[in-house]
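Okay, so here's just one chain, in structure tokens, the form predicted on its own.
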């Protein structure tokens, strides 16, 4: 949480690459496209309206490419995400403190990209609304545990063709119904003296959709499930307490209709203080 009138902003760069992927539940590779690389530069911002209420924004620029074949990658602005985070509970429990958070978010595409070019499309082009509940327990020694779960409602998507085939059926329409998404994650971390160390687990389950057909391209409404593990380090630089560097690695360890990807992330965050300064009177 950002304190009242503090604004944390920065830029993060991520590099995601995979060669093997799950075609439904079948793990395989595809020599036609080789390895798929997705690079993302994301602007992030978090402003403290009060000590317990923050507003959050994210805007990514995405570029994709394949190492083999004739398919050309895409690049452009993806989806703007806006969210509100509220600390609903804070109480001393045992030798630490428990905090409960409620988050609401919405996202929508900012450019006219096509989602019908997976795995090289830069996004799924749906407008989303979601909610999340997070529980945090922090011990006095700086160790903490986060457990979080979220649900996302996704709008229908329009394709640039009059029909499509998925999940064993042909549809004579250009509108695709997108299944909603349930996800959860758990983080075990340490935060003290400007140093944050975290190990993470993340699970996404799409609540519907079909599988990739044998030897076919992915489709926008496929059931894209995955399990990921990762590690994060963030450090506030001692010579400038408002500037933090952040690095992270994630590995997809199981999935369905997704790539077995390794993701590397790095960037910086800077905190600006807009609160009114106290003035001394004689």
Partner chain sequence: MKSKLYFFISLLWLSTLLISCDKEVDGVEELPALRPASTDGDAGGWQMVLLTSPSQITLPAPAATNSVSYQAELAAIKDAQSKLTDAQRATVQYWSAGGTLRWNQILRGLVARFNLPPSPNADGTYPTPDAENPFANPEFPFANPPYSARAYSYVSVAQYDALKAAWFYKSSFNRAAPYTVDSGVKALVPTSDLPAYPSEDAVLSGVTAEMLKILFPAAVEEITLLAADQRNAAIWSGKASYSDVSAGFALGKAVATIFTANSTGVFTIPASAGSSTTTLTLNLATRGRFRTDGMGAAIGTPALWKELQDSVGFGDFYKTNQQPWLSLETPARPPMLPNFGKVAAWLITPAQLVAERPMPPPSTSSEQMARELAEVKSFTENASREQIAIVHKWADGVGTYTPPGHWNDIAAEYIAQANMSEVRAARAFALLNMALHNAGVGCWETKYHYFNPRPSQLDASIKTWTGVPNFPAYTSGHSTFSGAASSVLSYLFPAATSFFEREATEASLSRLYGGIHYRSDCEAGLEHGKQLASYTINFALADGADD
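Note that the structure is predicted; figures quoted are calculated from it, not measured. Numbering follows the first chain given and starts at 1.
Missing here is the form predicted together with the partner chain; even so, the following discussion is about that form.
Contact annotation for residue 141: none of its heavy atoms lies within 4.5 Å of the partner chain in the predicted bound form.
In the predicted bound form, at least one heavy atom of residue 214 sits within 4.5 Å of a heavy atom of the partner chain. The closest heavy atom approach of residue 99 to the partner chain in the predicted bound form falls outside 4.5 Å. Within this chain, residue 167 is remote from the site of the partner chain in the predicted bound form, having no heavy atom within 4.5 Å. Of the residues 106, 145, 110, 89, just one reaches the partner chain in the predicted bound form with a heavy atom at 4.5 Å or closer; this is 106.
Listed residues 245, 53, 249, 254 were compared with the partner chain in the predicted bound form; 53 is the one with a heavy atom within 4.5 Å.
Contacts of stretch 169-185 with the partner chain in the predicted bound form, defined by any heavy atom lying within 4.5 Å, are made by 169, 170, 171, 172, 173, 175, 176, 177, 178, 179, 180, listed in sequence order.
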